[in-house]
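One chain is shown next in structure tokens, namely the form predicted alone.
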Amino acid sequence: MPSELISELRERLGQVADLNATIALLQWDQEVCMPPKGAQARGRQLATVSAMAHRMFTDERVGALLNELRSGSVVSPDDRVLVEESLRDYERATKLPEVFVERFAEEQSRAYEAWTRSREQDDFAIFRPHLETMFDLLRQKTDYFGYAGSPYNALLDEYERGMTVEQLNPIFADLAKRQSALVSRIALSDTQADGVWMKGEWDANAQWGLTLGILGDMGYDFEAGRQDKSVHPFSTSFDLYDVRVTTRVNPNELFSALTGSMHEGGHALYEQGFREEDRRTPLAQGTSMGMHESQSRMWENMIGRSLPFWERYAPAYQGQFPGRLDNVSTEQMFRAINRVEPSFIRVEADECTYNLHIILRYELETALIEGRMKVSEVPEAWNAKMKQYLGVDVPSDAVGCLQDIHWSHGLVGYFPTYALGNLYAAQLFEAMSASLPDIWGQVEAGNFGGILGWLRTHVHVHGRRKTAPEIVRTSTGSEPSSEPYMRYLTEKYSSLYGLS
């Protein structure tokens, strides 16, 4: 009897997964290649399919199956985890009325199109009414879910289970203080990276070719994925064997496409590493966005910005740009990609200032959700916090409050996971380095099999079987902590900038 119930549950969950994959495909198309005039129809299509997925998942029969299986005692450990994780999702989903889910999906599509135009024209007024609607809906969502403490906790829990504002505030206050102090010390250093040779335009096709080669070296399976271009780099998964990435190629930024591809490639490798038997179930998902971001930030920064990596790939860059990099050494490239300099754009920020960009967004999000700020005040508040944390004067909203796609999709509560991902990544990387004594020799040889294998075994294969803190504990032997990350930053950049 339990086997029959599990089979029925898996089939129903699989159908919901199919609809969610269809939603993801429609969104991928909208961001990659949909013609502009298709926006209105796309909004309705997304609303319709989202309502169907919600209706199918919240069906009473699904609830009955989950409750009956949870009360039984003869299901396998794997099936029990599937039931518990599905029941958690079911209980949250049933709190949202179908009409709300449908409207939210339609508003996401409208907001995305408005954000695109607003950014292109550097005019916040275009996006403002859509952002106001989105935050109104998000506040409704927190009421539906219910919460203790800040209403922001209800949204944060979607991306980082169990994390709260009350826990985040002291973590972020400590990071802001320590990272700001490190940035100040670096600014006073006499050892600064020479970036003069990076000025000018860099062929977009050459950049693109390099990203494809490096993604392949990382272990990204191009027979189960592809890379495209988008306004904002992202990754998306329709199935274990269809995990896609995008990047942004900027002719004026030599390393922008590379860091974007490696970041999204880290996400994709995680998605390609789930278990075959978990396909079309909630277990074939990252356990949290913080853990997901740990994978992308590790590949982008700890590996992609390391000296051994550039010992391997500097010649490839020199080959793609003949005559322009002939006299630029590996050391110069390494120092250039690790240049610490307060900047406007989060996705192009250096490691030392990146978390400051995140804390800024977190503080604005919480103020908006808690009703302490109006959407109309966002540009001014954004610019003030950029001055406070990074010491820069924002010249326009296009490189200020309009730079990120997240709010247009209603992804509020997501930004803190980037910073948490940095912390998880450093702690996991320390443990991995201890297991792979020749890790930097492997990187210099362009052999990433050992790294990917370790991540497959300790992170990817679990899907949602373990929480992020459980993965950190079992992989490192310690509770999640910010100390490994600050140790990593301090050691790396003290060496780079000759800090005592």
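These numbers come from a predicted model, not from an experiment. In case it trips you up, residue 1 is the first one in the sequence shown, and so on.
Separately, the form predicted in complex with another copy of the chain exists; it is not shown, and the next lines address it.
- Shown here without its partner, the chain carries 15, 32 and 242, all of which come within 4.5 Å of another copy of the chain in the predicted bound form through at least one heavy atom.
- Checking 434, 64, 41, 445 against another copy of the chain in the predicted bound form, a heavy atom within 4.5 Å turns up for just one residue: 41.
- The partner is absent here, but in the predicted bound form a heavy atom of 279, alone among 409, 279, 103, 248, sits within 4.5 Å of another copy of the chain.
- Another copy of the chain is not drawn, but in the predicted bound form it has a heavy atom within 4.5 Å of residue 222.
- When another copy of the chain is considered in the predicted bound form, residue 226 lines it closely, a heavy atom lying within 4.5 Å.
- Mapping the unseen interface onto this chain, residue 467 falls outside it, with no heavy atom inside 4.5 Å of another copy of the chain in the predicted bound form.
- For the chain shown alone, residue 28 is a contact residue for another copy of the chain in the predicted bound form, at least one non-hydrogen atom being within 4.5 angstroms.
- In summary, the region of this chain contacting another copy of the chain in the predicted bound form, judged by heavy atoms within 4.5 Å and restricted to 49 to 57, 470 to 478, 435 to 443, 448 to 456, corresponds to 49 to 57.
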